[in-house]
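First, one chain by itself: the form predicted alone, in structure tokens.
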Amino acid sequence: MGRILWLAWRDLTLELRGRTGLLSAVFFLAVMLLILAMAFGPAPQDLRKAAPGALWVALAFAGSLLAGRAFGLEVEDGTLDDLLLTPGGREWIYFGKLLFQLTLLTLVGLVLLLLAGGLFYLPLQQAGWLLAVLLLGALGYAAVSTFYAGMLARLRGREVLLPLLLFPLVVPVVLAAVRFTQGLAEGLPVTELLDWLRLLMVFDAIYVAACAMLFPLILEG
């Protein structure tokens, strides 16, 4: 746990110190949400209906934009081999990078959630449940993106290959998150939507476990 927290803290410190990657991603996604809001027209009911899809499409783009940050600095600075030389298993590297990605996606997701509430009339009364689905959706996305980012870290053109490999696997996560968020926006009782949340938790558990077990093999290979 000490290694995991140290690695995540180091990456977050470097990312927030640079700020360019994170700020450019947030600005791009904010502009995208604004364009989508203008495209769907001024009717509040139409905007509210489109809010869950627009929010999670923006978060999917955020995950793709930020996925390369997990191992980009390691490759640029030549520190990936230093991590591999650390005694013991390699799973801690995966979990440290996963925690880093999850934190970034959650921060960006909170900003996008507030923007969606203002631009798309997305009700924020169920803030606790929205935060829960945001965390679970970000965890599922970060689990897969961290795995593929490590696999493609040493390859040229990884920025192009990463979204192509990533999107097919995260479709179930995005679908469950969209349906749960849509139900909240329509005012449905939470008890009728818990199946989507359970499905999201199952996918997260499978993705995190499978990626953690396979990660040492693809990183050393």
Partner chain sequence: MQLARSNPKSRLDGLTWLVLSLGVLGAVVGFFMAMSSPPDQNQGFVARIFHMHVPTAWMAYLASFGALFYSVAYLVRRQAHFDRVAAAAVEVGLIFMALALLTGMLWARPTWGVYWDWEPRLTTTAILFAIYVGYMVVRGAIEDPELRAKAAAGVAILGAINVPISYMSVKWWRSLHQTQSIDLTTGKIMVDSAILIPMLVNLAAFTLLYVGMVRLRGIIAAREAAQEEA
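Residue numbers count along the first chain shown, from 1. It should be emphasised that the depicted structure is a prediction, and the values quoted were computed from it without experimental measurement.
The form predicted in complex with the partner chain is left out here; the points below concern that form.
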Q: Answer with yes or no whether residue 48 is in contact with the partner chain in the predicted complex, where contact means some heavy atom within 4.5 Å.
A: no
Q.
Taking the partner chain as it sits in the predicted complex, is residue 40 in contact with it (heavy atom to heavy atom, 4.5 Å or less)?
A. no
Q.
in the predicted complex, is there a heavy atom of the partner chain that lies within 4.5 Å of any heavy atom of residue 151, even though the partner is absent here?
A. yes
Q) Would residue 169 count as a contact of the partner chain in the predicted complex, using a 4.5 angstroms cut-off between non-hydrogen atoms? A) yes
Q: Sort through 159-167, 40-48, 65-73, 25-33 and report the only stretch with a non-hydrogen atom within 4.5 Å of the partner chain in the predicted complex.
A: 159-167
Q) Each of 5, 14 and 95 near the partner chain in the predicted complex, meaning some heavy atom within 4.5 Å? A) no
**Q.** Residues from 171-194 in contact with the partner chain (non-hydrogen atom within 4.5 Å) in the predicted complex
**A.** 171, 172, 175, 179, 186
